[in-house]
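Before any questions on how it binds or moves, here is one chain, the form predicted alone, in structure tokens.
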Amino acid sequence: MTPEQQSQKTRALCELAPVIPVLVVGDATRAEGLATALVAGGLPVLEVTLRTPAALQVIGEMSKVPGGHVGAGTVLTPDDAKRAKDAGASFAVSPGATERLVRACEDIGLPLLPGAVTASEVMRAMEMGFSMLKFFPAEAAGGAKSLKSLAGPLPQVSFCPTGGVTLQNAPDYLALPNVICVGGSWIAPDADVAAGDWAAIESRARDARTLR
């Protein structure tokens, strides 16, 4: 799967909802309930970061939920990509882009949403064949104003900004012509996940669904 084909796949996923929940889940027994609540709330595309020992198991459990599309976040190496796909991930998200990671995702047919912030990083990703990118860390890198500036010289690239995105500032990003969706962790806070408060998470997902 070429980077061009990967971007077609990730763009199609990003177009399904205005927000992709970014999830750090340490308890796999919470996976099914969490994914079910998010999908029911209208957010079918989920990013599970590889930041906990349970992450791969969480991806496996979530991938069984009807209507969901589960990806692995914080994918840094070819081994990360392989383990994520083997666990059931349908796409991968990385904070950056390296030739080794890009080649690995090509080889195993795993759509990659690579990260870029500067114009040079975006241009490098474009040279590799990507047209759909993650903008991370969004707020620390200048927020919506920075992304708006990139739209002028690089209008052919679209973004999913992640990092510091909240319910309050998400509309600023979503109003930009080069933003397809945003990634955010506010929809499923740790306390609600630990308590299994799926109703609260589903309600938050429904609110996020209306942002665009």
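Don't overthink the numbering: it's just position in the shown sequence, from 1. These numbers were taken from a predicted model, which means no experiment stands behind them.
Not on display, but discussed next: the form predicted together with a small molecule.
- Of the residues given (S185, Q57, S63, S146), S185 alone sits with a heavy atom within 4.5 Å of the small molecule in the model of the complex.
- Contact annotation: of the candidates I201, V22, V25, A17, the single residue with a non-hydrogen atom within 4.5 angstroms of the small molecule in the model of the complex is V22.
- When contacts are defined as a non-hydrogen atom within 4.5 Å, all of R51, F136 and G164 contact the small molecule in the model of the complex.
- Only one listed stretch (64 to 72, 31 to 39, 177 to 185, 148 to 156) carries heavy atoms within 4.5 Å of the small molecule in the model of the complex, and that stretch is 177 to 185.
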